[in-house]
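This document opens with one chain alone, in structure tokens, the form predicted on its own.
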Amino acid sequence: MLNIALPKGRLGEKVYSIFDSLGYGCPEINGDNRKLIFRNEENGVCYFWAKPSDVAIYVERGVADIGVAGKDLLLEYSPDVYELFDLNVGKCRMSVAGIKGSRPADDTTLRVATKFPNITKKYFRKQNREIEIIKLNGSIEIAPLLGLSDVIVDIVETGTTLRENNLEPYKDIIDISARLIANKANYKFKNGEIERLLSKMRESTAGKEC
């Protein structure tokens, strides 16, 4: 039995459809209910929904054998897990953005609003830029509009939210997508099951690229 942590929301639904297409389906998961844990003994899987930022914690702690987490969260929190496969879904990018047509002066301490302080620190350290991080959890885009920050570092998917708020990306930091991760100890104990799943994922991806 493979215990699999999936992120709640659209990404999790996309990811589950991948598992389902590879023969790891659990019909109960599509039912109209509020259950969080779903088992299919026949296919040897147990799924559970988790907050996206918590998936890596469940995997790191061994509650889940494998799970799916965004590359942004893996970079931000650096969980002690194996990163096995890029699922090529949930694509977006981490970007520095600010008010359209405006660029902060280079000789001042840059105020940066973000949900991702660790990624932000690492990026600007490489740029040799002195920054002040303003950690926010809600709508990051509003910070430069209200003068709270000079720029933001956030995930950009289509750029629509930025454009609608008179903001624009200044610099892309890194491309983001969903990754299959595994608990290090459980990967050894369940290596056969996990490798079979990985093999099917690789074959499926190769078939789409041909």
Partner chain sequence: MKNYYELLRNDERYVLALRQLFEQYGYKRYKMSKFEEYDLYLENKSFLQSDRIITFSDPSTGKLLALKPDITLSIVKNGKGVTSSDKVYYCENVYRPCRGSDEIKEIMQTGLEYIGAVDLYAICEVIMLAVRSLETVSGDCIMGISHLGIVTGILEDTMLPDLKKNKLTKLIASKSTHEIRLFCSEENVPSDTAEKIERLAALYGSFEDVLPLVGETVYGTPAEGAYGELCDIFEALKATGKTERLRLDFSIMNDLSYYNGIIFQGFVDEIPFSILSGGSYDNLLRRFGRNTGAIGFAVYLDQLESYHRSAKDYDVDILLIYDEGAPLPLLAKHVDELTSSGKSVRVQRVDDGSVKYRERKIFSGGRVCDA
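Positions refer to the first chain, counted from 1. Worth saying up front: this structure is predicted, and the values here are computed from it rather than measured.
Not on display, but discussed next: the form predicted together with the partner chain.
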query	finding
Distance check, residue 163 to the partner chain in the predicted complex, heavy atom within 4.5 Å	no
The partner chain contact in the predicted complex: residue 71, any heavy atom under 4.5 Å	yes
In the predicted complex, residue 134 touching the partner chain (heavy atom, 4.5 Å)	no
Heavy atom of residue 191 within 4.5 Å of the partner chain in the predicted complex	yes
Among 113-121, 135-143, 90-98, 74-82, the region lying within 4.5 Å of the partner chain in the predicted complex by heavy atom distance	74-82
Option touching the partner chain, based on a heavy atom within 4.5 Å in the predicted complex, out of 155, 148, 185, 37	185
Residues of stretch 49-79 in contact with the partner chain in the predicted complex (4.5 Å, non-hydrogen atom)	60, 61, 62, 71
